[in-house]
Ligand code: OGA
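This document starts with one chain, in the form predicted alone, laid out as structure tokens.
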């Protein structure tokens, strides 16, 4: 995909994380440089996941660097969000259990976030990595007859679908709360403005429009299993100070299990998207 092992700007270099996706950027010496941001965005577009080790950004620096990549969203009233299973650090800790399943953020919004930046402040002693899977590469690798099978299908995404994976026997109160959130219908295969194609799948994928429930579930599970095969996946084992940015529109991601009492703490910023779901 073109950017591996090439000089980007002055001392900047990139190295592929896996043959299919991901790139580690090194030699970053000035995060305020517009050309650095442009090169990072270029690398992100073609490789899906971008890693920079050892930056040790504080909140203000993370927001500033995110702002060089696009408009920083404030979905919970703040531009930076603490990711922790400790309720004392994050009032939404209970909902984060859903992030242990493969998902894409913002599938129920008209326009999904373009990218997400995560920085590691504390890491788990055991577990707590993050996995990424490229639905671009997964789609490109599908046999032609499967591409034809999936093209034209539409899928409904819901918050309820993702939460049922965590709570398979929910209370009436839980169901009511989940169903208060909007659902959204998209193409299963997203024909992108730049000509590429990605897949709108993951934990929020509730059902295929017009298909019998069992057949719909089998198709979605089959496509998710295909897209998360080892050759389409990068697993990141965090070190304190790491920065990882990923293309939220085409990369599935999930957190790997870790002890809820762990000190694992991440900080997340979100970059606004501009292309609506098809």
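Bear in mind that the values here come from a model prediction, so they are computed numbers and not experimental data. Numbering follows the first chain given and starts at 1.
The same protein has a further form, the form predicted together with ligand OGA, not shown here; the description that follows concerns it.
- Partner contact region in the predicted complex: 128 to 136, out of 128 to 136, 199 to 207, 181 to 189, 146 to 154, criterion any non-hydrogen atom within 4.5 Å of ligand OGA.
- Ligand OGA is not shown here, but in the predicted complex it comes within 4.5 Å of a heavy atom of residue 246.
- In the predicted complex, at least one heavy atom of residue 105 sits within 4.5 Å of ligand OGA.
- Although the partner is absent here, residue 118 is a contact residue: one of its heavy atoms lies within 4.5 angstroms of ligand OGA in the predicted complex.
- Ligand OGA in the predicted complex is approached by residue 253, whose closest heavy atom lies within 4.5 angstroms of it.
- This chain is displayed alone, yet in the predicted complex one of 123, 161, 83, 80 has a heavy atom within 4.5 Å of ligand OGA; that residue is 83.
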